[in-house]
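What follows is a single chain, given as structure tokens, in the form predicted on its own.
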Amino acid sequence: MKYAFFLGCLIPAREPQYENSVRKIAPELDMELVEMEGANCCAPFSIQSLDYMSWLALAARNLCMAEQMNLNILALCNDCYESLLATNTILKENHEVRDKVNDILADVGLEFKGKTDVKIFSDALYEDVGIKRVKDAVKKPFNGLRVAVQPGCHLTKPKRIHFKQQMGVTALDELVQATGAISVPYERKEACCGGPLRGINDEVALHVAKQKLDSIRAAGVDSIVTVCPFCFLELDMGQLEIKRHFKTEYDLPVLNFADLLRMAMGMKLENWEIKAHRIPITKILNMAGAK
């Protein structure tokens, strides 16, 4: 299983531990990650709202690179997944828009042909690797660990729009359970974490995050697990901000799923990766599955 590896902007800049875990996991599951040298920003929702054609052209440039590599794109970030998948779908279905985008791309010697697909890491694990193989790779299961899964808007929304899938038990829930952990249902699971509101209205963003965390705490979990780097920041660093702003403390460790699976596969996190968490993950590390 070979993929054009799309890192995006946020993960290399602020969450390199996420990338590191994926790079360590992938070879154990026969996933080959091929670097996309010269890839540009995915052009997320902020650019979509400013200039529609610029968004499509910027995202399509990455798709063209993957086409030249004759590989499907593997994205790590939910926003990158949403932007690249939406662009890929629009340009495959709307020939008029595709022609306009190709006129722009012609200036850099590229042409979108619609020969590639876009997957996010969790879906590649679920669909290409398979739950059984993921379970077989687990050497130190997190038996008894109660987890609140935070899929994130841009993991689930594209599936409803492009693939007509309904909400419910997600691939991420099953992947978390493959590590031995328990995916615990909670009221606001499908709600936004508040991250997209940062920089627009920080106070409202904190209120939304607080509602999410209140719901998660009420479910009685040990940890939050996500695949979205924005959700990770909002629910990890955001807990410190909520403590200052609302005088409310949750002490809920937040893990990226790649970290959870990496530990369940018997690989330890580096000290710098552990320190990257604002909410200490000590109690997770001390559990039987992570020793």
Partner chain sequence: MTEAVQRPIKSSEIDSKFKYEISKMHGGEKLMRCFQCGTCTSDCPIARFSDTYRPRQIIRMTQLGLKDRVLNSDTLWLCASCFTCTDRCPQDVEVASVIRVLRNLAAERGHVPQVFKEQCSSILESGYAYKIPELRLKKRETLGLPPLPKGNPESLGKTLRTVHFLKHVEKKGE
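Quick caveat, the model's predicted, so the values are computed rather than measured. Residue numbers count along the first chain shown, from 1.
One more form of this protein should be noted, the form predicted together with its partner chain, which is absent from this view; the next part is about it.
| query | Where, among 112 to 120, 178 to 186, 201 to 209, 132 to 140, do residues come within 4.5 Å of its partner chain in the predicted complex by heavy atom distance? | reply | Looking at the other structure, the answer is 201 to 209.
| task | Give a yes or no on whether every one of Ala13, Arg61 and Lys159 sits within 4.5 angstroms of its partner chain in the predicted complex by heavy atom. | result | Contact check passed for all of Ala13, Arg61 and Lys159.
| task | Using heavy atoms only and a 4.5 Å cut-off, determine which of Met265, Met69, Ile47, Met237 is in contact with its partner chain in the predicted complex. | result | When its partner chain is considered in the predicted complex, the option within 4.5 Å is Ile47.
| Partner-contacting position among Ile216, Ala124, Leu172, Cys192 - heavy atom within 4.5 Å of its partner chain in the predicted complex | If I apply the 4.5 Å criterion carefully, the residue I get is Cys192.
| field | Contact flag, Arg278 vs its partner chain in the predicted complex, heavy atom cut 4.5 Å | value | Because no heavy atom of Arg278 falls inside 4.5 Å of its partner chain in the predicted complex, the answer is no.
| Can you check whether Pro27 is within 4.5 Å of its partner chain in the predicted complex, heavy atom basis? | Judged by the heavy-atom cut-off of 4.5 Å, Pro27 is well away from its partner chain in the predicted complex.
| said: Using a 4.5 angstroms cut-off on non-hydrogen atoms, would Ala4 count as touching its partner chain in the predicted complex? | reply: Judged by the heavy-atom cut-off of 4.5 Å, Ala4 is well away from its partner chain in the predicted complex.
| message | Can you tell me if Arg23 lies within 4.5 angstroms of its partner chain in the predicted complex, counting non-hydrogen atoms only? | response | The answer is yes: Arg23 has a heavy atom within 4.5 Å of its partner chain.
| said: For the stretch 38 to 66, I need every residue with any heavy atom inside 4.5 Å of its partner chain in the predicted complex, listed N to C. | reply: In sequence order, Gly38, Ala39, Asn40, Cys41, Pro44, Phe45, Ser46, Ile47, Gln48, Ser49, Leu50, Asp51, Tyr52, Met53, Ser54, Trp55, Ala57, Leu58, Arg61 come within 4.5 Å of the partner.
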